[in-house]
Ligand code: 5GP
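Below you will find one chain, with nothing else, as structure tokens; this is the form predicted on its own, and questions on how it binds or moves follow later.
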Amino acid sequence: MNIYEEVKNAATIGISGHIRPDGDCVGSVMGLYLYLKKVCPDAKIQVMLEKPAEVFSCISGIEEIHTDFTSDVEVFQAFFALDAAKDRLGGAEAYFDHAEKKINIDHHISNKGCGDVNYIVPGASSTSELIYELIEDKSLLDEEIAKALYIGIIHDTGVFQYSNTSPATLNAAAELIGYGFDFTKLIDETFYEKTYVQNQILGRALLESISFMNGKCVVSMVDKKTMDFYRAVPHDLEGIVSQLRYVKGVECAIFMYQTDTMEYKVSLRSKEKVDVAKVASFFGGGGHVRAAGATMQGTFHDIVNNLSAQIAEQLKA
């Protein structure tokens, strides 16, 4: 697949990613946006995406994102769904459905492809790595495009610590930092640094975590009352599940936060023995072998019990 060849004749191009956009979603969307602005200067290009977290304000052009989705759906000649299938695009799904040409680029194993053109590579570290790969003429890259894609890669690989990091990932990262941006500062400011509120709620989540299955699993939950107390938003909860995974002896970490009455957003992380994508897909979610998630209904204890049954089955095997 060649990105430019797919859209070179399009007068209007839309780009979107999944709801609650994380680093890879934002990095891939903005990297593609900046690239297309260079190679398709006469086209009208729009990014339709929920407002990204403030830590990503260092990405060039991020203020140009359209975060309000109107009822009047514009028909784009080409529309990209990145880092997700169309059912996770939120308000942008209607734009994707009405587009004359639908292009889906993703690395989630649960995505079977939802476009006229699909490029789904489950073995890739991130959608940002795929965008980098699909830009055939690397001379068209510049510092701002490289920075956006690098952010996406470091966020989905845990700064190259996760098992999805491959030699190709490291080669791509090495070439991207060659464009001259301060990559160490970028890692600190977008991945490691936390606000006071984020550290407070992280501490609360760790303090109230529960170890079970003889220490092989750990779970923590933040309800709406707690989020309101800290004035926290979903972005403030990022990284908690990864921190839970670092507990010695833990094979699978579960973190959930309440989104509505009897409804929770569940994040799963594992080390070696549990395929959390399989667990999440059983409950209508998806993701990667070592990182996945789902939205589940029920009480906190009901959800933990349901997840435990699936996790225990894999641990026994």
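Counting begins at 1, following the sequence as shown. Predicted model only: the values in this text are computed from it and were never measured.
Another form, the form predicted together with the named molecule, is not on view; read the next lines as being about it.
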**Asked** So which stretch, 48 to 56, 278 to 286, 26 to 34, 246 to 254, is the one near the named molecule in the predicted complex (non-hydrogen atoms, 4.5 Å)?
**Response** 278 to 286
**Contact residue in the predicted complex, from 102, 204, 216, 88 (heavy atom within 4.5 Å of the named molecule)** = 88
**Message:** How about residue 293 - does it come within 4.5 Å of the named molecule in the predicted complex, if we only consider non-hydrogen atoms?
**Reply:** yes
**Prompt:** Are any of the heavy atoms in residue 267 no more than 4.5 Å from a heavy atom of the named molecule in the predicted complex?
**Reply:** yes
**Asked** Is residue 235 close to the named molecule in the predicted complex, meaning a heavy atom pair under 4.5 Å apart or at it?
**Response** no
**Request:** Scan 103 to 128 and note down the residues that get a heavy atom within 4.5 Å of the named molecule in the predicted complex; none is a fine answer too.
**Result:** 108, 110
